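A single chain comes next, written as structure tokens; it is the form predicted on its own.
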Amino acid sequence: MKKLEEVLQDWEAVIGLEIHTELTTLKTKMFCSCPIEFGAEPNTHTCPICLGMPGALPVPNKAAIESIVLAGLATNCDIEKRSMFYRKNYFYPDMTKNFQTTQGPVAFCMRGHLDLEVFGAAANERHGLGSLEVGESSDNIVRTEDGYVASVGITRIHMEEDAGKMVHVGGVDGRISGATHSLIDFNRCGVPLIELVTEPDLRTPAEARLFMQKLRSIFLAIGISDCSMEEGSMRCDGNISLRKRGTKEFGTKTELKNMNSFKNLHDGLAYEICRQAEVLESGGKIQQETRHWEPANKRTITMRVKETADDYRLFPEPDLAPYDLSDEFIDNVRAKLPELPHEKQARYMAENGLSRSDSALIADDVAYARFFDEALKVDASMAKPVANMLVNEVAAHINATGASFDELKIDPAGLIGLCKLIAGGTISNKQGKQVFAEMVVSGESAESIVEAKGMKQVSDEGLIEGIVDEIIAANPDKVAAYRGGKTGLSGFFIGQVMRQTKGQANPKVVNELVIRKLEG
């Protein structure tokens, strides 16, 4: 099988995503009062409504409607004032009533878009980028200095209820193949779920990954979901087809399931693109079907032949009246819209001088952005050092320990205190790392830790100069060798000074004095 970059020389991938997100920050389900709780004992959060018992009537969750409108506003969608729910019929055992309540042709949110900044290795997947000048556009992209910006259309965001969870026992990797029996947990039935459908504007697996990452950061920022891909509260299906470069007609698409991480999303799409190219180049035809991504085997396999819209037999839900959203309702939701991640990133770059990478890392994480904004209120002049600490020391500590951000025993003022000690030369960068490691565990201030451990740097130039003079006078042979061209010996003298001062001399001052004396 050819590699992705080889395939994309001759074939253009056409990718559209369907991203399902549970509204996990709500207290109750979409049409009943059953609580939403991940990991609860199976089948303990059910009732006649979410189980579809005869005579049980659904009552819509107003907070869920507010959440989907908020999602639409955050993704530049038009909010449709009038829409309705439909019954989508299907016969899988994870929905006891044999239909799913979902929206029809007109959803709450229609015709949106998101712009993706694609640069670095991700930009290299886009064929033909090198032929564009900066500022030049082609298809849905505009060339930038280190990549491009892609505009990705959003067809709709509609509301539906989630289905139950099937657990296959005795099979391989939790799949039905080879299972001895299956269990069903209906706790998830009726959980409010929004589905975002993109236009077929994505052309590379990297763009698909970046789109989902951006959408996740937006949904976390507006607080509608925990967006946990591991727990299934955010899931993605990809529709992929290929067409020869230079042609406009769409090829036959396949739908790819089980992409429950950003890496799986990228790798699954990349494999499917290469697989389709191999089939087409060998004279075969692509079958419209649903395929399953197997991360362990790094391949896709057939799940089922794809259903068509007719198979679902959609018809208006008779137990729910159409919705008429007022301007007042929409405006009230709009007032709750917070500053979005890309807006924060732009602010951090323009007002605080942060790099694009640092500002993106902070802005895309709600906890990091909240901490950084609080630090700016304490002392905005320390924005860069604090940002550097966040994306390096704080991130490394969290990744290594698995602690949540809230578990760190350090606040914005404390981190600024540490940054000021480093910036002022009181302690070195290396000592700063040591102090930080103790601060997050003990909760003590940087000043008290430095004082208790005697870590205060010596920056008195006169004192250090005297020590440098003594060491140079004691090693005339090495001085001569240095002046004879062995300049690497400067490290010897610097090391001797640091040893004599027990590591407390300011390295910058030591380095400058040693070089000046040796050159003189």
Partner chain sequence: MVNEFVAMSVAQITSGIKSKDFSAREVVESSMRAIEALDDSIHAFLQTTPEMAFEAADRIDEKVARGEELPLLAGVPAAFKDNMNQLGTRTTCGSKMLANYESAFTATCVSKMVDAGVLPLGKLNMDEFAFGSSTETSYFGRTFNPWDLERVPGGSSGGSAAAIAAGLATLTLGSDTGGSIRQPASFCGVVGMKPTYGVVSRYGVVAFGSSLDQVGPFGKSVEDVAYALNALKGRDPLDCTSQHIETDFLANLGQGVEGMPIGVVPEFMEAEGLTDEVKSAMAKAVEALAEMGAEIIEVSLPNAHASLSAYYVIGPCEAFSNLSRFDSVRYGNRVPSTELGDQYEKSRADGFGSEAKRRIMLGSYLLSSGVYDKYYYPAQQIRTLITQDYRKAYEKVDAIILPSSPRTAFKFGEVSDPMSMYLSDIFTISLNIAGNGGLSQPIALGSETGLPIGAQIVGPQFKDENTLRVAAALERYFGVSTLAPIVQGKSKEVRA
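Positions refer to the first chain, counted from 1. All values derive from a computational prediction rather than experimental measurement.
Keep in mind that the form predicted together with its partner chain is not shown, yet the notes after this line are about it.
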The one option of Gly443, Gly353, Pro93, Gly232 with any heavy atom within 4.5 Å of its partner chain in the model of the complex is Pro93
From Gln288, Asn89, Ser177, Ser151: within 4.5 Å of its partner chain in the model of the complex by heavy atoms is Asn89
Using 4.5 Å between non-hydrogen atoms, is Phe250 touching its partner chain in the model of the complex?
no
| query | Do Phe262 and its partner chain come within 4.5 Å of each other in the model of the complex, heavy atoms counted? | reply | no
Q) With a 4.5 Å heavy atom cut-off, would you call Val59 a contact of its partner chain in the model of the complex? A) yes
Are any of the heavy atoms in Asp311 no more than 4.5 Å from a heavy atom of its partner chain in the model of the complex?
yes
Only one of 240-248, 96-104, 396-404, 266-274 has residues with a heavy atom within 4.5 Å of its partner chain in the model of the complex, and that stretch is 96-104
Taking its partner chain in the model of the complex and a 4.5 Å non-hydrogen atom cutoff, the residues of 46-65 making contact are Pro48, Ile49, Leu51, Gly52, Met53, Pro54, Gly55, Ala56, Leu57, Pro58, Val59, Pro60
